[in-house]
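The chain below stands alone, shown as structure tokens; this is the form predicted alone.
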Amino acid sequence: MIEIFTRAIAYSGGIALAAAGITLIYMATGTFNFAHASKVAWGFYIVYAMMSLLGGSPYYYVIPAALFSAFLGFVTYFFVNRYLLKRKADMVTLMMSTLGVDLIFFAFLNVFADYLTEVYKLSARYFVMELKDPIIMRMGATEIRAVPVVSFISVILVTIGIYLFMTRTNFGIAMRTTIENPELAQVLGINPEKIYLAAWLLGGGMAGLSGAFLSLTISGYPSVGMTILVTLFAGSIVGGLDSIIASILGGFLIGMVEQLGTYSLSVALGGWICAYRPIIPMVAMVITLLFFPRGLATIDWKKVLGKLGVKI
């Protein structure tokens, strides 16, 4: 059970990071970014390819994965989203444009996987890197690997970093101003395009970081991003589409529910239930929104903690 719980933490950390990226881009540009799926998948493949060809620990290549997906975010904004925003495209048009971009990124990812297979004879169509993750502790017969710890710490650091960036830096405050009131931001001399570009870069980087950690938790294949896209959006929506910090919490919650829920149901009902795994985050999202229609961001945490006897 300890191993299942630690795997759930590692998985949830990756989902939380990607969900935060979705929320950031939506808050800044009003765009539901379906291209997030392939950016996460590219995070998988950057870590896998670099580790297979260069050797060493997979953690050496986490930053390159984040940087490459940030570059894909730049490409998406600069060549597609930027022009649609200037023409004041509606939400559906913005969303569908990212679906087209996702298909392009997915096609290049398949080409890259075939290249690794044909030229370097790697099993790039389906790979498992979990055993490449170093063991940091043994509890009886249970092995605890590094990714649950690294993923959890990374989520905490990213949460703190986002909070400090948005509240303590001039650029972060300018970003908040642009998100809340674009017209006022322009009057104050803030260039919205810089804010939008920064949002796509940061959002893409978080997608790549997510993929890097998830590559040590679940199997990798070209369509892996599409497989978990429902979970990513569920985490973002549960957290609330107007709070990056809450989206991290929402993503972590949805990831834990999916992992532990799938395990519990498979034990109770049998392994066949795993085929219906994508339903679990959707059910969790629906239940959460029934109680909190605007997501976890609307919860008065001071009041909740006060009722529990915790003073802050």
Partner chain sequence: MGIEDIFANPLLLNILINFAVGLIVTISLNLEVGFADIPQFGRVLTVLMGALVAGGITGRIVASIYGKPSGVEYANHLINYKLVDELSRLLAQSPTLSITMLVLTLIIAAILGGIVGYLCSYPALRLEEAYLGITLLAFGDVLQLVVWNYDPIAGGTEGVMIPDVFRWIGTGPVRFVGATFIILGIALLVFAYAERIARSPFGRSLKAMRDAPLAAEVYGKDIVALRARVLIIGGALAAMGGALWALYTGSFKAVSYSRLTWTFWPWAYMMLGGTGNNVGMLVGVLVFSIVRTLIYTYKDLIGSVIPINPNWLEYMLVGLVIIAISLFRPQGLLPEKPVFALPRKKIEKIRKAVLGENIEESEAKES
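Just so we're on the same page, rigid core means the largest C-alpha set that superposes within 1.5 Å between forms. These figures come from a predicted structure and were not determined experimentally. Numbering follows the first chain given and starts at 1.
Keep in mind the form predicted together with the partner chain is missing from the figure; the text below concerns it.
In terms of contact with the partner chain in the predicted bound form, the residue from Q186, T159, T117, N110 that brings a heavy atom within 4.5 Å is N110. In summary, among the residues I144, L122, I173, L103, the only one with a non-hydrogen atom within 4.5 Å of the partner chain in the predicted bound form is L103. Contact annotation for the candidate site: F34, V80 and V286 all lie close to the partner chain in the predicted bound form (heavy atom within 4.5 Å). Although the partner is absent here, L131 is not a contact residue: none of its heavy atoms lies within 4.5 angstroms of the partner chain in the predicted bound form. Shown alone here, A268 lies farther than 4.5 Å from the partner chain in the predicted bound form, counting heavy atoms only. In the predicted bound form, at least one heavy atom of T93 sits within 4.5 Å of the partner chain.
Although the partner is absent here, G240 is a contact residue: one of its heavy atoms lies within 4.5 angstroms of the partner chain in the predicted bound form. The stretch in contact with the partner chain in the predicted bound form, judged by heavy atoms within 4.5 Å, is 271-279, chosen from 256-264, 61-69, 44-52, 271-279. In the core-superposed comparison between this form and the one not shown, the C-alpha atom of I287 has shifted by at least 2 angstroms. After superposition on the rigid core, the Cα atom of G271 is displaced by 2 Å or more between this form and the one not shown.
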